[in-house]
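The data below hold one chain only, encoded as structure tokens and taken in the form predicted on its own.
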């Protein structure tokens, strides 16, 4: 039952908070036995697309536009002969690499056109598992751990990390920068400052932050907070 028109979802010029009560599902072109919740796309001003694919067993993702990164939220999928289970992820440079559900699955997907860098070859397929990535303390704060899911290689024009906050941990400063972000809350919750607004956030929420949107997060509650976060990276702001 709807709650008389109330929602935490909000869309402003430089940020978006999208909560599960407002998710709209629709298949993307080429999807088979699957549907998508598109969280952000160029219609908002973003330079990338981030969606959650909900797949049946035997289902597959649809048309790939540009490069694709996927992170398994639930269930298992097959990518290039690799079985990816919850926490598994893959970078796919082109549409030549099908993604097929081995069970009912939910998969976070990021797609964007590739921005070439002179002297660097385009990356190939890369797969991994988030639990196998060694965490690093952000700024020496052991209560805030970062796991970098893609290699530290300038051939990649974006980064995807997980960040885990112990209860009460926070970013050390309000960040204002040229990179844009797409963020999916995986566990726990807290308070996010976006621009001049403060939002309670919890697992399942999605946040988009445009370039130069002031941003800050603090974990609240008795359990750690964790999110998956995208940023454009390794390219000159003037596109040269």
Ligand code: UGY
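Positions refer to the first chain, counted from 1. Keep in mind the model is a prediction, meaning the values are calculated, not measured.
In what follows, reference is made to the form predicted together with the named molecule, a form of this protein that is not presented.
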Exercise. Looking at 215, 201, 67, 52, which has any heavy atom no more than 4.5 Å from the named molecule in the predicted complex?
Worked result: 215
Problem set entry | Residue (of 163, 160, 90, 110) lying close to the named molecule in the predicted complex, criterion heavy atoms within 4.5 Å | 163
Exercise. So which of 174-182, 42-50, 22-30, 55-63 is the stretch with heavy atoms within 4.5 Å of the named molecule in the predicted complex?
Worked result: 174-182
Exercise. Using 4.5 Å between non-hydrogen atoms, is residue 231 touching the named molecule in the predicted complex?
Worked result: yes
Exercise. Using 4.5 Å between non-hydrogen atoms, is residue 36 touching the named molecule in the predicted complex?
Worked result: no
Problem set entry | Distance check, residue 206 to the named molecule in the predicted complex, heavy atom within 4.5 Å | no
